[in-house]
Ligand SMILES: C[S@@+](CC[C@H](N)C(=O)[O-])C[C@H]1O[C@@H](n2cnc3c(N)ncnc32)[C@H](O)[C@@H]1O
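A lone chain, given as structure tokens: the form predicted alone.
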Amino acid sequence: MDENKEQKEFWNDLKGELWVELQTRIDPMLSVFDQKLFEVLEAQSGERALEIGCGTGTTTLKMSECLGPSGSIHAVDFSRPMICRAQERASEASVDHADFVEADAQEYDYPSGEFDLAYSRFGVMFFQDPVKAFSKIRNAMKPGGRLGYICWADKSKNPWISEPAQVAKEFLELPKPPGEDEPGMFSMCREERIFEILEKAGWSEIKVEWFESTNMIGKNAEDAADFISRMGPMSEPFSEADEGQKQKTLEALSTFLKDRETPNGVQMGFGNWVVTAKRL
């Protein structure tokens, strides 16, 4: 039985292709989280790293610089469109100390006791059985190996995604959000659940830090509306809508986002958890 079948299908269809298409837009928006994650990880030259949910390879390439040619990265993702793009980018950048595996991080048979650190930027919220996944990741660490990841906090702390969705639902039939703790963008929004999962999975020295920022989602209201219509809960219904619905949605989003324009583009709030732990 494939426990994570629904998520695999989701990220191998339109969603994975959209993230490849939007990669150059997404990277600048999320770069502040890369910086924060790498600060807490304190990766050292020559270390071996395991990346969970490498996506299009942005964090893989940044980590490769931290580890240097004497280090290595084992990057795992179950989205074929995204991991293929990650491989292309690594080849283009002549990064030969990263290898990529198309696999479900929850089911993958990791090499045992091999890695100094494991990390993820928004790649751990989609496990059907997160305790199982984090137990397997822990077993792949050397004694003293450390974990660091960033995940989304509550929707109310992420107006960049929640507020435009409220505008769009007047014109689009948005999908029903997952139930509490079910796989999805906000499955780890509860701080207590993070502790519960990692403790059950055998991790120690667990820390959860609140991290918020105000980031640019577009250079102006129209640009931001176009971008946000292809992100988050409205991406699929928007792509399937007729041209009239799309136009109405974009007009409403542009009007809403106009008030959030600044000299530095449309700025909105992001709220996240930065999680660290160790294998003792």
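Each residue number is its position in the shown sequence, starting from 1. Values in this document were obtained by computation on a predicted structure and should not be read as measured data.
One more form of this protein, predicted in complex with the ligand, exists but is not displayed; see below.
Exercise for the section: Mind telling me which stretch in 162-170, 186-194, 200-208, 72-80 gets its heavy atoms within 4.5 Å of the ligand in the predicted bound form? Expected result: Going through the listed ranges, the match is 72-80.
Exercise for the section: Would you check, heavy atoms only and a 4.5 Å threshold, whether A103 touches the ligand in the predicted bound form? Expected result: The answer is yes: A103 has a heavy atom within 4.5 Å of the ligand.
Problem - Partner contact for F126 in the predicted bound form: the ligand, 4.5 angstroms, heavy atom - result: Result yes; F126 sits at the interface with the ligand in the predicted bound form.
Handout entry: Distance check, W19 to the ligand in the predicted bound form, heavy atom within 4.5 Å
Key = W19: contacts the ligand in the predicted bound form.
Problem - 4.5 Å heavy atom contact, L30 to the ligand in the predicted bound form - result: Yes, L30 lies within 4.5 Å of the ligand in the predicted bound form.
Exercise for the section: Spell it out for me: taking the ligand in the predicted bound form, does every residue among F38, G148 and W273 have a heavy atom no farther than 4.5 Å from it? Expected result: No, none of the three is in contact.
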